[in-house]
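The chain below stands alone and is given in structure tokens; this is the form predicted alone.
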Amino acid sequence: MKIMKFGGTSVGRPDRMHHVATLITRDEEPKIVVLSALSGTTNALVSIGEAMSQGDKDLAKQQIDKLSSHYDQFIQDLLVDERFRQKAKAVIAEHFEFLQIILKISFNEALNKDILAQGELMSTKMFSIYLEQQGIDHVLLPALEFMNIDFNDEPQIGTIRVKLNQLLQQNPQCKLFITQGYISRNARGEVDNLKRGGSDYSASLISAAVNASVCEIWTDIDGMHNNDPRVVKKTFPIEQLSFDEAAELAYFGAKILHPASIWPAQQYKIPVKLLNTMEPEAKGTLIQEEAGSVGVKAVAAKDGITVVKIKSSRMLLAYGFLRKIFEVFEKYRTPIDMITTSEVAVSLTIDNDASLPAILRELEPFGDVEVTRDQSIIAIVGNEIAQTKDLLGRLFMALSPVPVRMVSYGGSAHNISVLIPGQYKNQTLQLLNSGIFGLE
């Protein structure tokens, strides 16, 4: 069985939804198709929730009405048979009736999760009706009936596998299933989600649950590129990556792939393909156990980095000092990206400063604490790059115009990371494209 996930841009226009229907019916292999919300919908739903949380129900109603008009036009352009248009309008009207009802009740976080789930529910139902109009046999699988997360927001693969396979066994003759990405139920049985970008995560979890032959992630770019094409003019798609290389790139800023989406497929050795909906014949990027080649594959940038520096000549070399620092960050569930130490100071980086005030209060007894915001991590990723001849020389020669604050080398066989002030990010990516890949 094949898993095919299509992102918001891939289903964001009626003609693109038509195109997706042709892609999923090109072969006879059984498949589960995972859809995101239409592009722009999740952002609109977030805005509606924010307006509700601030008590601005008039603004929330304006946003709901605007979104409703967009879906009315989408249905008009998606479907040609009036019977199916009316069916789609009735289905979508139920969701907007729900959004209108929330204007009359008290807002809370559980309700907000319900609001955010509407995008995927509407996109899959409209697509299902379109397939029905086209006479394409399929079954709509509600993700809320099998996708579960626990009290720590971690997916329960065992539970997902059992529930999903039970649903598939109820339709033994069907070869095409449509389901929602992103949404799930939590340990309390409430509607929840896998966080932003979670449709990739959904696809990978489903792949692991059914032991899929491949997990295809379809977006609007032809695979993972060697550099950020939004910043650098000359880039190229990478033909093959190992799971470890892809995980490093995703974590350190490659936008095409959600960082969490690698591990379920990796655990069950399911190959992942990154493909372009607009250019389906392009090779894209294959991610699997084998790296395919040795050397630098790509660079990626992670923005919004905060540096925390603890200076203490008295305590740094004391037994257990670093453990105590790490325990503070663990207490507030704040991951650390990079760390460097000297005889008198330790510097580390975080990408989530939501708990920073509390963290700083607990770090104060250890010494002087300094905070620097708006930094960027640039990750140079490849297979066994620590052994790549002359790489460090070329790297630092390329970075000579840039003030480098930290370097992480040797912690991973696949990654060399440097920390720079955020305003130098674009320049750094361009310098590395020239200095490492020879592309001006």
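A residue's number is simply how far along the shown sequence it sits, counting from 1. Fair warning: this is a prediction, and the values are worked out from it, not measured in the lab.
Omitted here: the form predicted in complex with a small molecule. The next part is about that form.
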* Would you mind picking the one in M122, A208, I350, M224 that has a heavy atom within 4.5 Å of the small molecule in the predicted bound form? => M224
* **Among the candidates M338, I256, I160, I305, the residue which, in the predicted bound form, approaches the small molecule to within 4.5 Å (heavy atoms)** => I256
* Just one stretch in 140 to 148, 184 to 192, 248 to 256, 363 to 371 has heavy atoms within 4.5 Å of the small molecule in the predicted bound form, so which one is it? -> 248 to 256
* Hey, in the predicted bound form, is Q430 touching the small molecule, heavy atoms inside 4.5 Å? -> no
* Asked: Would T25 count as a contact of the small molecule in the predicted bound form, using a 4.5 angstroms cut-off between non-hydrogen atoms?
  -> no
* Is the gap between T219 and the small molecule in the predicted bound form 4.5 Å or less for some heavy atom pair? -> yes
* Asked: Could you tell me if P229 has a non-hydrogen atom within 4.5 Å of the small molecule in the predicted bound form?
  -> yes
